[in-house]
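Only one chain is included here, represented as structure tokens and corresponding to the form predicted alone.
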Amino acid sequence: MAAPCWHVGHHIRRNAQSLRVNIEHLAGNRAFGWTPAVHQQAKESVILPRKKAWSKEAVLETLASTLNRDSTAYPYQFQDDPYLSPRTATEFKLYSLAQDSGRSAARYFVNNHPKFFTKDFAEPHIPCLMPETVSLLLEEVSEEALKERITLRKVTAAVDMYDQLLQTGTAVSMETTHELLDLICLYCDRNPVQEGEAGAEEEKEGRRMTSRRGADVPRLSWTENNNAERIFYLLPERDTRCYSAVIRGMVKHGAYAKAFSVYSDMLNNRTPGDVHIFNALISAAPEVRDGYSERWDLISELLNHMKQQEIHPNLLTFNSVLKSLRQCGSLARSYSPQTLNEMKALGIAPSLASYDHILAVFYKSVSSGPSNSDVLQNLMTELEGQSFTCVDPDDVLFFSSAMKVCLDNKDLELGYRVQSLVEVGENWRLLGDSVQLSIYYGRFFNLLCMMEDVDVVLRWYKQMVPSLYYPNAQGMKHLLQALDTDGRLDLLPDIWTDMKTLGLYNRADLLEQLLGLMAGEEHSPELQEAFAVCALDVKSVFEEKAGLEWSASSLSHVTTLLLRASKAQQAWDMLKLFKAHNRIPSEALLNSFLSVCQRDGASERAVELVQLSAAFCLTSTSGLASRALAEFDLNQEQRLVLAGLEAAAGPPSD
């Protein structure tokens, strides 16, 4: 067996060499053939690596690049448990908080009982799954113990250890003092809520609400003479880092006037500042000045101080200026373009937050006119095709603000341009949290419903629901209006199914709009049958939900739909509900019901209908009685009853 294999390999090697020689000879006779010099250079430049180095995540990254979002699936975070698949935005928030709570509880247990989690099975190693050190190991009074408490974010314990070190006469290094001041000022002299502890979820939700409003709304107030101020004023020498920690902490927690007081003390001591100090003070300038001109003068003064101290501004500096200009009235329209031009002159690329501030300065939703969205048009021309990363907390506000401009101006083309920018790279990550995401896609969907063809609207509807967007009642109303405008009422049964799935079946105004569209015009028997099934579903919803109350129009619509589907008995049951809920049926409904009774030859039901009208004291009773006497085959007793009702009601009204 070895000999034949050897012969085969020998012939392959010999033939390959001959083929290579022939190809080189042929190439040398052609104009584009290799010259000896080029051939020698190619031989020297080609270096084949013995082994290709791949990262441990290379296979996963390659597989991930081949996948797209499944528009029919729920968000990925809920796919592990099908029983926790949210149907509405409220359920999405509830289940997300439940997952965060469970994750925090698990982390709390792992960190506080590390002896049960000593083995690491993950390959590659995943540090976040392993226990963290959360308990204090060093009890002696030393700087190392102080560093440990700072690392573990034990604010009270760190302050106590610092005081003990001072009492024993032990000098604390300036670097450790800086870290201690940073810790105290960040958490406003309070211990932060740890994961798994009571209040952790409320703290997270508060941070979400703060970032969503796009403002540094202080949840903790800066107290007078707290530990940060006490330690700060006990220092024999206060450098830039100390001033930076205290000033930024005061601004973060609402002590704006005190922050400027400390800044004045810094200037008097001839201590140079840093860019973080000026960023914080610029953002706080509108809080310490009342007039628009005074606010801008203070901002200009701070910028001049930066120039004098040769401190180079960064992106957050200019974004703080633009954000403060939003509270400077008409002055903002003059100075915000100058600020943006200064950024570009210094080679600082604006972030999405910069453009959001510009948009807020120049766009007012109350204004009108064809040029109302020109600013966004110009911004989109500059931004199209670019991929962004989050460099400012306010970056996540741009897309929802831009889509609001498109919706207010009913500019569909501009809305598509904004959506195209979202789809570039990973820009979708800058849509914000689940609430911001819902706001953005809700505005985009409402714009589509108002301005786009219904087939395109439905295509977007299938792409976004439920993977990206859970329509609220307003969004579903716009969809129903779009179907009505384009005459696609045949899709109403499918929309009703989606309404039940999305939890929108308990909104009385939405149900009334749906029933009104179904009962507006008469359609084919098949469609009327489908409408009747929907009407009976709505009836069961009203019966099961305690908070829903029948209106006269809703009762009339359901009765009309049942009559058109030849469900006379169920329609009659609906008529009885008018009296039970103190609602009055319309004359048109009673005449339609009488026509159905005539078609079916139900003379007894016709008499009962006239009696029901008389019980409501309707002016149409006389007319109904006259129609019944003329159009129905009645016995003597029935005629006497109708004649009495006609006489009691008086002549029919014109």
Partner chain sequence: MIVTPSLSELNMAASLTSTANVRLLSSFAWSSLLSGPIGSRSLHVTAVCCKNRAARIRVGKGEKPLTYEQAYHPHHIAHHKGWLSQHTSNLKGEDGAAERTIEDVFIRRFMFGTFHGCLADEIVIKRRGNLLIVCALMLQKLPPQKFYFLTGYSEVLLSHFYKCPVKLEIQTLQDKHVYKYI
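Note that the rigid core is defined as the largest set of C-alphas that superpose within 1.5 Å between two forms. These numbers were taken from a predicted model, which means no experiment stands behind them. Residue numbers count along the first chain shown, from 1.
The following text describes the form predicted together with the partner chain, which does not appear among the structures shown.
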Of the candidate stretches 273-281, 433-441, 326-334, 111-119, the one with residues having heavy atoms within 4.5 Å of the partner chain in the predicted complex is 111-119
Exercise: Arg103 in contact with the partner chain in the predicted complex, heavy atom 4.5 Å: yes
May I ask you to check whether Asp498 falls inside a 4.5 Å heavy atom distance of the partner chain in the predicted complex? no
Please check if Arg507 has a heavy atom lying within 4.5 Å of any heavy atom of the partner chain in the predicted complex. no
Is there a heavy atom of Leu84 no more than 4.5 Å from a heavy atom of the partner chain in the predicted complex? yes
Mind checking whether each of Ser142, Ala171 and Arg190 has a heavy atom within 4.5 Å of the partner chain in the predicted complex? no
By the heavy atom within 4.5 Å rule, which residue out of Ala257, Ala73, Leu346, Met130 makes contact with the partner chain in the predicted complex? Met130
Of the residues Trp550, Phe78, Phe388, Tyr461, which one places a heavy atom within 4.5 Å of the partner chain in the predicted complex? Phe78
Taking the partner chain in the predicted complex, which residues along 87-101 bring a heavy atom to within 4.5 Å of it? Leu94, Tyr95, Ala98, Gln99, Ser101
Is the shift of Ala345 between this form and the one not shown large enough to count as movement, that is, does its C-alpha move by 2 Å or more after the core is superposed? no
Is Gly273 one of the residues whose C-alpha moves 2 Å or more between this form and the one not shown after the core fit? no
Taking the rigid core as the frame, does Thr118 move its C-alpha by 2 Å or more between this form and the one not shown? yes
Leu437 and Cys128: do their C-alpha atoms lie closer or farther in the predicted complex than in the form you see, with a change of 3 Å or more? farther
